[in-house]
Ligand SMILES: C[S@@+](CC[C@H](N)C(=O)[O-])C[C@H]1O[C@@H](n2cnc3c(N)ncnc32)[C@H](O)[C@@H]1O
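Next up: a single chain in structure tokens, the form predicted on its own.
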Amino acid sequence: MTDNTDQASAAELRQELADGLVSGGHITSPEVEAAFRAVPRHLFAPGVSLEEAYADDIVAVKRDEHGVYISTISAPNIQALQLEQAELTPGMRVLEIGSGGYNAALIAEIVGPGGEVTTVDIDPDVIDRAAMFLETAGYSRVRVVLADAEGGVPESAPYDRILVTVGAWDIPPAWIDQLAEGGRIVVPLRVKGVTRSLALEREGDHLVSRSQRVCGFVKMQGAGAHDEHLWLLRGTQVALRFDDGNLAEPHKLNGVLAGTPAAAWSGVTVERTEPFANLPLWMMTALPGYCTLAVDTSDGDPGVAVEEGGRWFPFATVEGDSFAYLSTRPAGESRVEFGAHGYGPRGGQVAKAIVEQVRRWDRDYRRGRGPSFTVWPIDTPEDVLPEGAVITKRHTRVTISWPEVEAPGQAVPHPSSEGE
């Protein structure tokens, strides 16, 4: 195949990618669309085929010694999501935290030659690749910086926009300090094991979310890294992860999976393909022992209870010596019913607690707008914080507040039953 043929094929695939992102609703603005049609993604992904380079999927850049991704080119739909949240305009000064080159080139296309783009990463291999690819693709005006982004990049501050393209557990003060007046931070923030890309703007001494979107990113390294607390329940196959907080008395769960599981059902059904992104957010705010369930099926059946034709989800909660997790069972040809399976002396009770919150979500929040996130300085007094769940991190206190329900009324009755 000749170089001219390669270029023609890449151009065609690039337009097909952009077409798909537009028709799928991931791209909603002409500026973001133009950037995707202009930037040659394959130049940032050597070693993969053109078809792979222009697929709506991640491209692996680097893995750790365990084979876990520590650097990727994000899937185009996720990049489009964040760029739309950022609402970039020509002439803006932008800091990208987490590099790879391609996303920085997209940003550079949108802000134009009158704007300034700085991309920073902690990994020298990633930075070297990004600098080389940006030069090759014609975006040498992007400033490439090797640094731990916990401190931002003060030399080029203030920034109109800060786009964080790695999963962050907290928002360090430097990012807020380096944000221009009227600026915006777009960050995939992890709260209790659930990540949402937040578009945050400053209001006085705190940040307020303007939008939140479902996303997934590799975790941040360096000073901003945060390891979850992991409690193994059955060898290495079944575990509970606590991202914010921890078990007060973990020994109480010893041998908990040896007992017979109890099931409870909510009467709440969804289409098999229907998204329910706000449900885990509601569960984390309503259930004090919220955590995530991790199950490894590579060594065979881990023995986690699920109904025939149903499935388990990684959203769980612990109460002392018992825990339960969200699950489903078939409810017709195309629908499933939400329920929960519980283990331990009070597993049935904990399962019922999950079911109660599923019903509350269905009644009050399933069809409405989601919660708002606010990020406050760590020393903010309790009486200043808004109503809602408060999650205390290293530098900040994050609050999750749900809209008021106009007429709460009585709980909607649902048929329910307990499993064996």
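Predicted model only: the values in this text are computed from it and were never measured. Numbering starts at 1 and runs along the sequence shown.
This protein has a second form, the form predicted together with this ligand, left out of what is shown; the following refers to that one.
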For this ligand in the model of the complex, the stretch among 180-188, 226-234, 335-343, 143-151 with residues bearing a heavy atom within 4.5 Å is 143-151
| Would residue 102 count as touching this ligand in the model of the complex under a 4.5 Å heavy atom rule? | yes
Is there a non-hydrogen atom of residue 212 within 4.5 angstroms of a non-hydrogen atom of this ligand in the model of the complex? no
Check: Contact between residue 317 and this ligand in the model of the complex at 4.5 Å, heavy atoms?
Finding: no
**Q.** Close approach of residue 347 to this ligand in the model of the complex, 4.5 Å, heavy atom
**A.** no
Heavy atom within 4.5 Å of this ligand in the model of the complex, from candidates 281, 73, 240, 200, belongs to 73
Assert contact residue (this ligand, in the model of the complex, non-hydrogen atom within 4.5 Å, options 108, 122, 171, 287) equals 122
**Study point:** Contact check for 266, 305 and 327 against this ligand in the model of the complex, heavy atom at 4.5 Å
**Key:** no
